[in-house]
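Coming up, as structure tokens: structure 1 and structure 2, two forms of one and the same protein chain.
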Structure 1
Amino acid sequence: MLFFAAMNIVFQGLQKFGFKTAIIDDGGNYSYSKIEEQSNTIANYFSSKGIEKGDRVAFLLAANFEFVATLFGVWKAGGIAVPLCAIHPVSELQYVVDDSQAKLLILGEEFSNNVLQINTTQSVLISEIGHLSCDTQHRTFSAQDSALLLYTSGTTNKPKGVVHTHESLNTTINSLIDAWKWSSSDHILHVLPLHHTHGLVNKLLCAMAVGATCEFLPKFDAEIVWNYFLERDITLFMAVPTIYSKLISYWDDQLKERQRQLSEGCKNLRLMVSGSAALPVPILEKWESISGHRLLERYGMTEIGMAISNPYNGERRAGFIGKPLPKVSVRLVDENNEVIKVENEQGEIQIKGALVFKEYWNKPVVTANSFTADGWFKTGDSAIIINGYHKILGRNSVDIIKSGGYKISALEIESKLLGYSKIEECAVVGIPDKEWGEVVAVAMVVRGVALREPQRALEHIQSWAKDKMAPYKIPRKIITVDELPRNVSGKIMKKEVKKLF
């Protein structure tokens, strides 16, 4: 007997859509029933391993059926899912496993080497989870129980675990299903990582909730994506602006006839969405000219799910993120935390509603500081409203970088770089970039002569950093300076550092 069914809209999907295809991956097609069956097996295994309500289960799996079955298995066992990033080096994975105090770590075959390298209480290969009988009674949970721990970088040095409940996840899922008219006839092509809101909630879980088909590519590849638009019955695509930029570059490189065919292929889709970073107007316009789709830009954050969106029907305004989604309260406040009541005045976006996360894992003070006294979540993003539509103007902190849709903490990279003996001091900043939005750049004061020549320094540091940070955090631009620009109180002036590049 399963008590959790009514609690979470995506569980209802598993039972309701039976033999309809839920997932397509490079191993084949899997129905909703297959997910139900496999996640029961996995949940039983978790229970046999002592997983109890609220325990964290971390998993490092490729984007495929096993990932989906494991996610549901964790929930059915009453646990909190901690999806890990497939491209993080062992040191960063270890941090998440330790910080989340994961009781169990599940690994896909392709990550089996990590078994030896990550220290955990218990770890197991997904293929070793056998077929236990399915009569174990799964745990009950309420909407307010924690469901998911997603790690996000911020103004602090190390990433923080963002705790979402079943209710906060459901709120975003329900709201997007309505706003973007999801239905069981949708077929979404999935090319994003599954340890972030965009790939996990907006794409995978919305699809599972409505009985749609979610087709995973093992990795983003512009040519393969274009061919899928052309050859398969994809109806929905969602991506970060960098991906649209890469798709445009591919299209530009093709001969006229192939370009015409590719553009024609986009007619099968009903909606294309962009988010996770500012969509440059030239990308929106060029994409519209080649695909016929005006991208729907929306705004979200790990802590809040999706809050503001351009409309499905109606004006999708270039350079704007749109209007608050239903059931989300949005306000702008000035630096004195006074609410801005008129248009055309810049302020911080603050959010309230059932979609907002519960807490930062094990960080009560940081959690408290991220809310106002009257319970609004402070996003740190600055915006303005013009003719009813919100426009993002930037972030309050220069220490947060967005590259390829990934959020990166400058402070985290600085502290890692200082572990390199030849670097005496450094300042990391994000430099605007046409393709990546921003790229990571570092100005540094070095010891000795080995790193004085910039190209040599770049090669050295990139190779040194490979096993210490994810590829998207590795500096792409480096300069060496005799001293970093500082103000009278000795603080590094990041705006001046940016000007050096």
Structure 2
Amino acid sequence: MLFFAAMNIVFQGLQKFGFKTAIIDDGGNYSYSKIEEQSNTIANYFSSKGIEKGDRVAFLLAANFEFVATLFGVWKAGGIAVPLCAIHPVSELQYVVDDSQAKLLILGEEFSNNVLQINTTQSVLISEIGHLSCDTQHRTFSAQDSALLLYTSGTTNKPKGVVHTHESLNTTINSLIDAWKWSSSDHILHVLPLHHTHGLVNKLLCAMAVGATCEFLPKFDAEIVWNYFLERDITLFMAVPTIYSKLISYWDDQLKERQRQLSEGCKNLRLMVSGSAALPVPILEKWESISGHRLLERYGMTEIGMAISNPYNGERRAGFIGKPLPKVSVRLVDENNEVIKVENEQGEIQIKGALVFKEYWNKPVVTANSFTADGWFKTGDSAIIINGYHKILGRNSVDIIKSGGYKISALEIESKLLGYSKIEECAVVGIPDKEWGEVVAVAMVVRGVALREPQRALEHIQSWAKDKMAPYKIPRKIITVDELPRNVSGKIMKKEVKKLF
């Protein structure tokens, strides 16, 4: 069966790499041929259930072989894939199913109880599909046909459905294969959710496109990950900063000989990537001292895939996300939407290229307002350029604090604060103030008991920060917490942090 050439970058691997191991999960090892066979069966089942071109198929599956086969099965049937978050409560799953107008819901055995709780027109357990195949012609599709419906994190408002086409997915996949030197000899350890770009596109689909092996862990566990680095031929690892922080904490708790062994295990890897949230410089530097790897930080969004990256070969500059990837146009604009042509001047990142999403699902006005008149996508992220490298200052809505006439980057202050030995994690926000407009406030997770009392912590931090940051950047309010509010991708939910004050 012929598929549009743009998606051959993914589908060609199913036949080209045959019996090579594609997926490793709790159930065993699965070849590319096995994915081809099972995805055909699933596509036939979808067609028998009336799935037509453009219909949305939602699926709630663990990160395993069944997820991969179902994803490809949806596409072979001409549908739009809607992967659901495995740890979301039923109310949030219901929102996505309703908003996407999914025609069919597929569930893994471990989610069977959700069948009765999620209202939908049709639902079925994945285990039942293998016994209900039929001979149905697979559908063809074009570059601009919708392929994937991912929902935003909802860190600043209600989640929006982001529609990607086969072309926009393929553009990001091709770009990353080239930029990060993917090959069929790669073996990636996968510990991230599969309902977001980071886990789905950057890791899984890139691996499938080149004939690499993708090994899933059911959930992140620092000890298990470290042991995999030691015992398996892992060549690639991609994670969020929080995961690297937890790996560092585990390493710190080990005896010297164990630390030496763990560090030695990292030598087998060729690349380690950090993304989905800003990478604090102290974490980058500590990880490099432990593992010998300088993390590659990059920049992307649900709406644009990956657009900017530090180089595979060359300087990976601490605190910077790098330079535009090939075939991606990037510009900074000021508050009047005038293009900034000089360095060191703050502006909003805007993106243009084939990797950009098609639309927000059923939100034409929001979609239109998200683009400029000349077709650039407005990311809402503020940045500066220094010597050609982009540095993220934060989200315009929550990470840029306006205090006393100054525009302050919350991310910059967070990075500075993490240099204080007793601060484990922190989140900086702007709190409304009659005199200053906003003042800098920080919620933090601390080591020991010395900084547990807020007033004492405030005095300590203000004293420590005097020679490390400008006076207007020094926190005016501090609270300590056991953990910071995060979404499933590890991003700190700043709106929830503000509520703590």
Ligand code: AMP
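Just so we're on the same page, rigid core means the largest C-alpha set that superposes within 1.5 Å between forms. Just so it is clear, the structure is predicted and the values come from calculations on it, not from any experiment. The first residue in the sequence of structure 1 is number 1, and each one after it adds one.
The form predicted together with adenosine monophosphate corresponds to structure 1, not structure 2.
Comparing the rigid parts between structure 1 and structure 2, the hinge point among 266, 397, 433, 472 is 397; every other option is more than 12 positions away from any hinge. Fitting C-alpha atoms of each rigid part between structure 1 and structure 2 shows the smaller part swung round by 141° relative to the larger. Here residue 428 exhibits a Cα shift of 12.9 Å between structure 1 and structure 2, evaluated on the superposed rigid core.
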